[in-house]
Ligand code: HEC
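Coming up is one lone chain in structure tokens, specifically the form predicted alone.
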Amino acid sequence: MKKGKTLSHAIVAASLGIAGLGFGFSAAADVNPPLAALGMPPVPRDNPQTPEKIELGKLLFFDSRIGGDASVSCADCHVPKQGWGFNDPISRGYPGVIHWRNSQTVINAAYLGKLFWVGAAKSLEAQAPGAALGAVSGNGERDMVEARLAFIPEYVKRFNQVFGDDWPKVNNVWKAMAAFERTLIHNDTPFDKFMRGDRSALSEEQVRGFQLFQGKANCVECHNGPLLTDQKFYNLGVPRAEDWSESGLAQITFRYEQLAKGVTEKLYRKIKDDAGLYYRTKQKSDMGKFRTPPLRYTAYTAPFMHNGSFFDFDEIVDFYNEGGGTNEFTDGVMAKNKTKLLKKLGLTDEEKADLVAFLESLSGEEIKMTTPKLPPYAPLPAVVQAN
């Protein structure tokens, strides 16, 4: 497209196959789910939503007493003011250690069937203990969590009302947290409004970016469906995290994770980068692969990628425009797993700006929340001894 020339919404709508409220996308419609406005998230039958459960989950999400030394809550790594994630390349960790991956936002996590960067959890109920009990994150212990909550009368009362517990059960902690997280939904973006029929919701620049997203840039190949992720795993050639070269603690955490995830001694001594999905499958073909992240709410969640390598949309677009990068698992020494989907795009400066503008349309109003007042400890009630 020549500089200064624009496409009308009507022309672009026609070129994308948009008619009324039905959206047919010819670029990948036969292979990938079409882009669409986001509806409401699924709710598991064994954990129905109730207002009381959601409110309990909100308290627990912000309560550091779920963690090992009662200093780290879910909200410390998923900070509302930081996109409900953590705005450093590598997330903070449990006191005395640091984490080894970027902290993802919990906004719209309710829609995902593969949580964490390598899909280690299939639901919010399974994700919560993975984080709260993980050694470099929450480092909690199930019995300690239950013991603490038993000394908090307000929690004893609420768990009894919501779950019928005589005292708070740890598995119901995860259910309550998951119920709260299912309310953190972001589905009223300019993009959603456009897809629901409001043709004025996107600017001319964003509409051109939308066309590029599905056409020349081919982002839709992996970022498809209402959530803009195929939830598959790829090695894009993302470079190694800088923190790993500069921080001794980062190296200690990485070596611990290598050992904990059961790599061979040979690989333990050889691997210098995050092998991603390999740690779950132990398949060489999975080295360096990570799950496609959703693109919604990303205006608030930088830096991007599993190790926070890129700090804004311009860097991301440049990375893809160059056909991705290289890492320890792309050069053939350890593995040669870089996805063949990536190639140089040849985007002009104007096209890159249009694509960035479209990415910005995937985020709407920021979801803000203040920390709730947490209930205090109190002595257990005296037990009357029978004579």
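All figures in this text were calculated on a predicted structure; none of them were measured in a lab. One rule holds for the numbers: they count along the sequence shown, beginning at 1.
Unshown form predicted together with this ligand; subsequent notes refer to it.
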Inset, instruction - Mind telling me which stretch in 65 to 73, 32 to 40, 328 to 336, 45 to 53 gets its heavy atoms within 4.5 Å of this ligand in the predicted complex? - result: 65 to 73
Inset, instruction - Would you check, heavy atoms only and a 4.5 Å threshold, whether L115 touches this ligand in the predicted complex? - result: yes
Inset, instruction - Examine A179 and determine whether its closest non-hydrogen atom to this ligand in the predicted complex is within 4.5 angstroms. - result: no
Legend entry - Non-hydrogen atom contact Y94 with this ligand in the predicted complex at 4.5 angstroms: yes
Inset, instruction - Report whether the minimum heavy atom distance between A275 and this ligand in the predicted complex is within 4.5 Å. - result: no
Inset, instruction - Could you work out which of V238, L149, M287, V207 is the residue within 4.5 angstroms of this ligand in the predicted complex, going by heavy atoms? - result: V238
Legend entry - this ligand: the contacting residue among P226, P293, P80, P190 in the predicted complex [heavy atom, 4.5 Å]: P293
Inset, instruction - Counting only non-hydrogen atoms and a 4.5 Å cut-off, give the residues of 346 to 369 close to this ligand in the predicted complex. - result: L355, L359
